[in-house]
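Next comes just one chain, in structure tokens: the form predicted alone.
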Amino acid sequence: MSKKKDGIMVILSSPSGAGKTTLVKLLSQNKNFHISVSHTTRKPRPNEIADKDYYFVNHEKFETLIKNEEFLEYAKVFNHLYGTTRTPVIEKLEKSENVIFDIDWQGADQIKNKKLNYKLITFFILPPSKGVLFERLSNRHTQDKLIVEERMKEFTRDVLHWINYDYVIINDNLEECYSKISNLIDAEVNNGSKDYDKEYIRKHVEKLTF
């Protein structure tokens, strides 16, 4: 049975290029959240550190973890498998430590459906416009226009899942976006008032999907 001193879980999801990974790192540094490290079958990017950014494993190892029911959630994203193992997360929560997840909507749905006895707050991060997203993705994948095109197509599908999250935040300015998320977490934990306009978000999503 969950006790008040248990840690809380916060999920950040977003279409590729909307900035969730940077926000997760900021929240970890400034709000004492442990970042849940996912397993993945994809290769490390040049700036990534094994066992810190991800546990990089082969497909066979990942399938074994699935078979042994080790995952709290897992999903296939851009032809690679990603998953969060259960034990490290639960151990931290039971020690009153907070955990933040950088996962997509598929993983978020799975964790929500587990109905764990810990407080869960979910955020979906959106870009200010499709043009800004295209620019961010182009800067990230300078050598591969096909990847950018694939990400933009996926964006149109991903954005439709905004409705399943507690809060949707537009990442137009990183500091402001971080501040909004931080304030909403504090309000949720302390039962404070929440500055959140869902109708404004709905209109923004309509613009992005028009």
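Note that residue numbering begins at 1 and tracks the sequence as displayed. Computed from a predicted structure; not experimentally measured.
Although not depicted, the form predicted together with a small molecule is the subject of the following passage.
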Q.
in the predicted bound form, does Lys52 come within 4.5 Å of the small molecule, counting heavy atoms only?
A. no
Q.
Residue-level contact is defined here as any heavy atom of the residue lying within 4.5 Å of the small molecule in the predicted bound form; does Ile103 satisfy this criterion?
A. yes
Q. At the 4.5 Å heavy atom threshold, is Thr41 in contact with the small molecule in the predicted bound form?
A. no
Q. With the partner left out of view, is Val77 within 4.5 angstroms of the small molecule in the predicted bound form by any non-hydrogen atom?
A. yes
Q: Could you spot which one of Lys114, Lys95, Arg140, Arg86 gets a heavy atom to within 4.5 Å of the small molecule in the predicted bound form?
A: Arg140
Q: Give a yes or no on whether every one of Gly7, Lys119 and Thr122 sits within 4.5 angstroms of the small molecule in the predicted bound form by heavy atom.
A: no
